[in-house]
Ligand SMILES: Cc1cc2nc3c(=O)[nH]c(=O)nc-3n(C[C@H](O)[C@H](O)[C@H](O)COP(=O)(O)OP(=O)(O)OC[C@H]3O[C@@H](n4cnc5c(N)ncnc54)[C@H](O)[C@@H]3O)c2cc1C
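Next comes just one chain, in structure tokens: the form predicted alone.
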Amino acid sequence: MPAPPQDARSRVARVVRCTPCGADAFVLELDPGEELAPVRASRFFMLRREDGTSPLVPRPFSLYRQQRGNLEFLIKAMGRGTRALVSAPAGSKVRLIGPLGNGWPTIDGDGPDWVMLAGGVGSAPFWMGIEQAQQGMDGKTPVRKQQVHLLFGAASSDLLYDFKGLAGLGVSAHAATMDGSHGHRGHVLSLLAQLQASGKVPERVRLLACGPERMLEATAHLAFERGWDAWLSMETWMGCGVGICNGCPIPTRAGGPRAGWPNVKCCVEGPVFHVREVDLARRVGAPT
């Protein structure tokens, strides 16, 4: 069985602040009590309030930003667990388990341009992804700003969480909304097609995608059709985050690099997978 990451720890953090972001999300800033080493973008932490307000099982969240020694999480208020976290007062205690999982691959400047596809709160792992791409990682060539394209899709403009801040990082940033209230009218892959047709995005690219299940399925289909490399940051039900509970299986792709097993565990072998590794069409019971 794959082991949890060696740098993962369970600790008690304190809430610094919780700031509204868009119509229904918040940025929760936590002081972990000690400065953590830089965390690769798209790794995650399990969070739970310590005062009994949260459900017993913690919830997984991608790290949004890491700055001033604190950790920030973009949280969409949906159910009991997320509502408890975003209503936590300053100074209250939060159980913080992580960092967990594996993040984005090294985003380097040697090869085709990168297209980051964000759907709704799936924008969470891209802020740090952009920063780390520009800094260079693993001894690879840093990317130039024009080599990274952020395409952010949502139902409406008030769900484009902190789009202005992301665009302010200097990359080529474009928005799509289903109701046409901001940017391209339609979904994020139709925006990609439009940008490629106009020459603003090259024909051959590498994809990083995080968002709703159907968006990820469509991204995987497009990547296979065009012969592109693509990585998907997945979301699943999780009970532990460290590979024990078996609550987060994702079917493997026949003939792919992980086909020796019928499933992979999203928490320890993901949450990021190359499209050749997993078969989302066979997935049952994914969160909605």
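A quick note: this is a predicted structure, and the numbers were derived from the prediction, not measured. Position 1 is the first residue in the sequence shown; the rest follow in order.
In what follows, reference is made to the form predicted in complex with the named molecule, a form of this protein that is not presented.
Stretch 232-240 is the answer when you ask which of 28-36, 255-263, 232-240, 219-227 has residues with heavy atoms within 4.5 Å of the named molecule in the predicted bound form. By the criterion of a heavy atom within 4.5 Å, R80 is counted among the residues contacting the named molecule in the predicted bound form.
Taking the partner from elsewhere, R59 is found to have a heavy atom lying within 4.5 Å of the named molecule in the predicted bound form.
Proximity of A124 to the named molecule in the predicted bound form: non-hydrogen atoms within 4.5 Å are present. Remark: K76 counts among the residues lining the named molecule in the predicted bound form, judged by a heavy atom distance of 4.5 Å or less.
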